[in-house]
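Given as structure tokens, the chain that follows is alone and in the form predicted alone.
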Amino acid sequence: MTMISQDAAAPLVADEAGGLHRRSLPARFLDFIRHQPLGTVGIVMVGIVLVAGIGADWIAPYDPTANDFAAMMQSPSWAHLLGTDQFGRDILSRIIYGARTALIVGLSTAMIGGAGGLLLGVASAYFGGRLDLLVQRALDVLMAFPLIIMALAVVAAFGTGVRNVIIALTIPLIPRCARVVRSSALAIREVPYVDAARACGFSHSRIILRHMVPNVVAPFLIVVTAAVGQAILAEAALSYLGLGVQEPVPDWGLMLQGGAEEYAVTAPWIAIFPGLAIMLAVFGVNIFGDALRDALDPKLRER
């Protein structure tokens, strides 16, 4: 017996002969650009951050950690397009390298926490019963703490640094992702092809991975996309408080910590440009996530 599970992220369309086939990825991408202009803007903004983070070694005009005490707190000029900070470091170079730190933290948090929440949510919905009850109560306890409070507690326990910041932001993401995925998996658990898979004697792991996980991809992608923006913002907040990434690593939150208050009047560019970088990166991720939700939600696609 052959079973076919529908993937909400790859809809079937009718061809000229009346048959059904899955649309290619380029065709779906072009359709997304045509119908989601704000999502396209988000893709461009996220793409700029990706290019800056990946190509920082070639794009940045100066060494982000090099001090030039002869050029301290210079206003934006042709030599330093966004000015320099209180140590004479080029702000543009630090923002470009800071994109790399933001990407490492944001993407790692989303992938690790999203994967953990995906498997936990699907398994909880599939097995149900007492296991589902225990898992959901444990998730309720974790979700009772705001993300930033949970992150502060983890950082206080494990210490600062990029790795510990990723751990601190991953733990609160797992229950949020698991709860969303479980709500979709509960409906999928009752569909005929899952019952047929059980009747054929397939293992639980095969049913979960082959027949349930692919069908919760749409809500999973939406949650993970939103998590990237939340992680970037939370990482900047932790670094601003001195509990995240530490010097000399270039980081947007650290740049705000060093100049947001003390030099707000005499050298406002020290805080303005890192703040704009955080705002635009998070805004780009959020509008892309909203557009992705509209594109993947069957109810919204029909409108």
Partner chain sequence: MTGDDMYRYLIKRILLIVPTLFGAATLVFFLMRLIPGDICVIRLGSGGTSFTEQALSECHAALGLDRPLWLQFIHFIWGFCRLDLGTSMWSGRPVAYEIATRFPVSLEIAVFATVIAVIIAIPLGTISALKQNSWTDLAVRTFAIAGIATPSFWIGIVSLLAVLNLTQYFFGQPWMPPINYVSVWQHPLRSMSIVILPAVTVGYRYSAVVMRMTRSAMLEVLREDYIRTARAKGLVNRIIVNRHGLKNAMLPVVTVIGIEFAFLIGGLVVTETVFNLNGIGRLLVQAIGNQDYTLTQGIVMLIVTIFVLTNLVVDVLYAWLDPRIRFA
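Source: prediction; values computed, not measured. Positions refer to the first chain, counted from 1.
If you look for the form predicted together with its partner chain, you will not find it shown, but the lines that follow are about it.
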- prompt: Is the gap between residue 145 and its partner chain in the model of the complex 4.5 Å or less for some heavy atom pair?
  reply: yes
Review point. Should residue 54 be counted as a contact of its partner chain in the model of the complex, where contact means heavy atoms within 4.5 Å?
Key: no
Given that the partner is absent here, does residue 167 sit within 4.5 Å of its partner chain in the model of the complex, heavy atoms only?
no
task: Please run the contact check for residue 256 against its partner chain in the model of the complex: heavy atoms, 4.5 angstroms, yes or no?
output: yes
Hey, with its partner chain in the model of the complex, do 31, 180 and 193 all fall inside the 4.5 Å heavy atom range?
no
Within 4.5 Å of its partner chain in the model of the complex by heavy atoms, the stretch out of 151-159, 107-115, 194-202, 76-84 is 151-159
Heavy atom within 4.5 Å of its partner chain in the model of the complex, from candidates 50, 27, 264, 44, belongs to 264
Taking its partner chain in the model of the complex and a 4.5 Å non-hydrogen atom cutoff, the residues of 272-292 making contact are 272, 275, 276, 278, 279, 282, 283, 286, 287, 290
